[in-house]
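The form predicted alone is given below as one chain in structure tokens.
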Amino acid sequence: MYEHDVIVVGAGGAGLRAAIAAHEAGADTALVTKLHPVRSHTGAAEGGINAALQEGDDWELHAYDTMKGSDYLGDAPAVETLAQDSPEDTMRLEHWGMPFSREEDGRVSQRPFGGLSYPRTTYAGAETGHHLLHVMYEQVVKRGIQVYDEWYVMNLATTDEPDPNDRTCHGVVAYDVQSGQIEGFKANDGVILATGGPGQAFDHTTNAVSCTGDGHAIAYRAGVPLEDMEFIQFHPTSLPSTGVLISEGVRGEGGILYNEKGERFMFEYGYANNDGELASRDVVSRAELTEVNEGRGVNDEYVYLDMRHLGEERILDRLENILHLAEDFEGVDGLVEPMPVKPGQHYAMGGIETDENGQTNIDGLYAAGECACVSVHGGNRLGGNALPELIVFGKRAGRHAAGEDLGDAQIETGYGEDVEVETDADLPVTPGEVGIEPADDGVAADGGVTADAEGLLERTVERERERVDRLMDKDDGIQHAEIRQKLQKAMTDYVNVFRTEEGIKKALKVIRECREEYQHVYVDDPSRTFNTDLQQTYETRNLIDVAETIALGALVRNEFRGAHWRKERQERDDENWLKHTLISWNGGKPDIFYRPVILEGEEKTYEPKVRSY
């Protein structure tokens, strides 16, 4: 058994920043991560970090743009915290050695991004996330913070009082990929989940194969609600063959989109008469797919993104990485021809419900980054707002977990008096259909076990060892890859940019089948070392849970808001839906309830307006 004050699960941008902050607050801190830190998916972030740094810009404008971009589903305390803290935290990165691009006078460069009223996206070429990881990992090494890399976290060690709000998290159980050992990690003060997004629930995604919703699923099964999971961002510019991301920075620098007819459709068809290609991502993605669906797409699949007119010098200075991606994956030379692009699953606005200090409803359990929902992004995230979320809320979670007093949180968590219970929806999910099995046997919820704090971790470790033995001892059944492929196809077919009630219910039916099939899953690789088949079998289990919450949220939110488009309701319904969707695991089935959005900020109330660009 390993023991530390604060254990951070995941070592991408949020995890690294949380670990640094906890260490600075005096805690013995460790990172437990299935990837080496600099291989984390944050490294794929290309565009930049939004921060109000220039004269003429201020945090209030950033907060307003963020709230508007969220389609008024962001919580004001979180939105304003992001906007207020980002300038200082961004400059701290610069002081640590972040190689931001610069203007001739030496100031850091900032470029326009979609949905912003001011060019405030601070960047390092088209490799901002890559540099961010290296700079923060350097700080982790400098401070001597313990890193357990290639340890896959299987479960949380939480108590299991009937009310999840009364539960406590005491650590995690993890699998050492190199040795095959399964061990416990005791957290004296707190566990911070920073495990990234659930992109592998879809088959066309900009996300790495490691983005499997692990933190979402283990928190969900332990009794933490997942918030606003229906809001999935589809990035307008991914490469058709692979899903590899083409940065919004291309459009920020002046790149244009056009259809098969050579029309600059964002303007010519009225999708965004003012901002064109720099409308918010949900608007541009819907426009592209509409062009394809109405017969104006290239090869009935994609549109063109053109940056040739920017000139070789500017492209090589600010977007060189994009040239390599287009050439390597599509065989296209971006200096002389346009790049094919189409929407790809990119980001989850929803996630593990937390307050503005990163704390969940379970004592001692925190979350930060894409796996968390504070909620700062609401119905749609603005480009350039993901990286400041990592550093701002990663820092706050680390400090709070280490015992710093950050003041009383304004955002509530867990099931409480302020919630509204879902009673009207006809949900195609019942306890029998979900596939409830004994704790060690299935996909069903099993986050906590009854034990005193001293014996809790050992019992949780033993249960995971038994689960692995059973998976390894089976010699037939179904492979996890078959289930995952079936799940991904259903999510991409039915819970994509355009959604219908009939389609979402079809997806839920397939998810139910995946749950039933998972009861017969087995691990084919007999090795106890470097067994990626075992790890991916666990990951597929997590994807099933997370995919179901995405589909359920999409089914019950009967309106069109942000990234959530519903054919049956083509308008935003502020009277009935200015509220967060929360899904919790209760007695073998998902329960759905709602909490009002907080629109009252520090000095103003954000009044919902028509969101046009």
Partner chain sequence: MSTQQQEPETQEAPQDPEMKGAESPVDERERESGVVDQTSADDADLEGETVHLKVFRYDPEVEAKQEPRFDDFHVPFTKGMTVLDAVMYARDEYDSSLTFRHSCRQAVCGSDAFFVNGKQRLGCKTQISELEQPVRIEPLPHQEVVKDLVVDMEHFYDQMHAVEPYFQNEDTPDASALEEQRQSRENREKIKMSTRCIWCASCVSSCNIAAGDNQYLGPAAINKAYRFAMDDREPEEVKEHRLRIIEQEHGVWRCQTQFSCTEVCPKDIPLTEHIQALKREAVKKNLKFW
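Positions refer to the first chain, counted from 1. Every value quoted in this text rests on a predicted model; they were computed, and no experiment measured them.
Absent from the display: the form predicted in complex with its partner chain. The rest refers to it.
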- Message: I'd like to know if residue 131 sits close to its partner chain in the model of the complex, meaning any non-hydrogen atom pair within 4.5 angstroms.
- Response: yes
- Any non-hydrogen atom of residue 545 within 4.5 angstroms of its partner chain in the model of the complex: no
- Query: Just to confirm, residue 528 within 4.5 Å of its partner chain in the model of the complex by heavy atoms?
  - Reply: yes
- Close approach of residue 222 to its partner chain in the model of the complex, 4.5 Å, heavy atom: no
- Query: Is it the case that 265, 294 and 603 all touch its partner chain in the model of the complex, with a non-hydrogen atom of each within 4.5 angstroms?
  - Reply: no
- Which of these stretches, 566 to 574, 32 to 40, 548 to 556, 580 to 588, has heavy atoms within 4.5 Å of its partner chain in the model of the complex? 32 to 40
- Query: Pick from 458, 260, 161, 320: which has a non-hydrogen atom within 4.5 Å of its partner chain in the model of the complex?
  - Reply: 320
- Task: Answer with one of 137, 152, 415, 185: the residue that has a non-hydrogen atom within 4.5 Å of its partner chain in the model of the complex.
- Result: 137
- Message: Suppose contact means any heavy atom within 4.5 Å; which members of 205 to 223 contact its partner chain in the model of the complex?
- Response: 205, 206, 207, 208, 209, 210
